[in-house]
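One chain follows as structure tokens, the form predicted alone.
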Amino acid sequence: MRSTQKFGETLKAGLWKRIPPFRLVLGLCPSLAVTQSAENGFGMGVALALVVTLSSGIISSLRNIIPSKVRIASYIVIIATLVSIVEILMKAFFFPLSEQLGIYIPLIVVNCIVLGRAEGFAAKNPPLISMIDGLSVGVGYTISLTLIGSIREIFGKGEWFGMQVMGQSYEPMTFLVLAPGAFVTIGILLGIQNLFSRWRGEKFVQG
């Protein structure tokens, strides 16, 4: 019963208490750079979710074998291998999206979300719960990037996933699809989340 409860709490944590980039203030570079559209945000989020879920499981399985002195280097090798696989698959099956995301797919190797979950959770917990933690944070990140991208694309272009959703008379707020628009969108969403958390009497939880 306790095990099931722990799994449930871990699964939910990444969707709210530890959701990046809002609660875990990590992964901000891709959050700002690739969210001009919902498609880009979704694609980046799914790529990272795959890497963080699989790397958490592998690192947890090897946590008692990897010497502590080389653990970070070992984590990076594991993460880099998974990122290379994801990048190859994206180029093979989703080439246009891969081209749009560009360097930010390889840069998942140094994304602090992935390394942070490896060091902060997977290195201290069994494989299954570590993969659930990675999946939770990855899905939370995907939701965040898709939401940011959706807001910027809808109000900045009048489109959503490339489809026209605003009328012909709509005047796009082109500011939102520029770099400053990402800061404004993330700031507004973070403010809304903090207000909602205070209204519910929640306390910030890190880790």
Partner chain sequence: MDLFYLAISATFVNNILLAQYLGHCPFLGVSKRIETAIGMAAAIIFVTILSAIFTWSVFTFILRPYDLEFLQTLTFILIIASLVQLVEIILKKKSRVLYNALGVYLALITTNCAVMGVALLVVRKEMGFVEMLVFSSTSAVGYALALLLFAGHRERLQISAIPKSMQGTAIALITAGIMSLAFIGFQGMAG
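No experiment lies behind these values; they were computed from the predicted model shown. Residue numbers count along the first chain shown, from 1.
Beyond the structure shown, there is the form predicted together with its partner chain, which is absent from this document and is the topic of what follows.
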As a check of understanding, the residue in M163, A179, V70, I65 with any heavy atom within 4.5 Å of its partner chain in the model of the complex should be identified as A179
Taking heavy atoms only, is A80 within 4.5 angstroms of its partner chain in the model of the complex?
yes
L115 within 4.5 Å of its partner chain in the model of the complex, heavy atoms:
yes
Should L89 be counted as a contact of its partner chain in the model of the complex, where contact means heavy atoms within 4.5 Å?
no
Even though its partner chain is not shown here, does P127 get within 4.5 Å of it in the model of the complex, heavy atoms only?
no
In sequence order, the residues of 163-190 that place a heavy atom within 4.5 Å of its partner chain in the model of the complex are F175, L178, A179, P180, A182, F183, V184, I186, G187, I188, L190
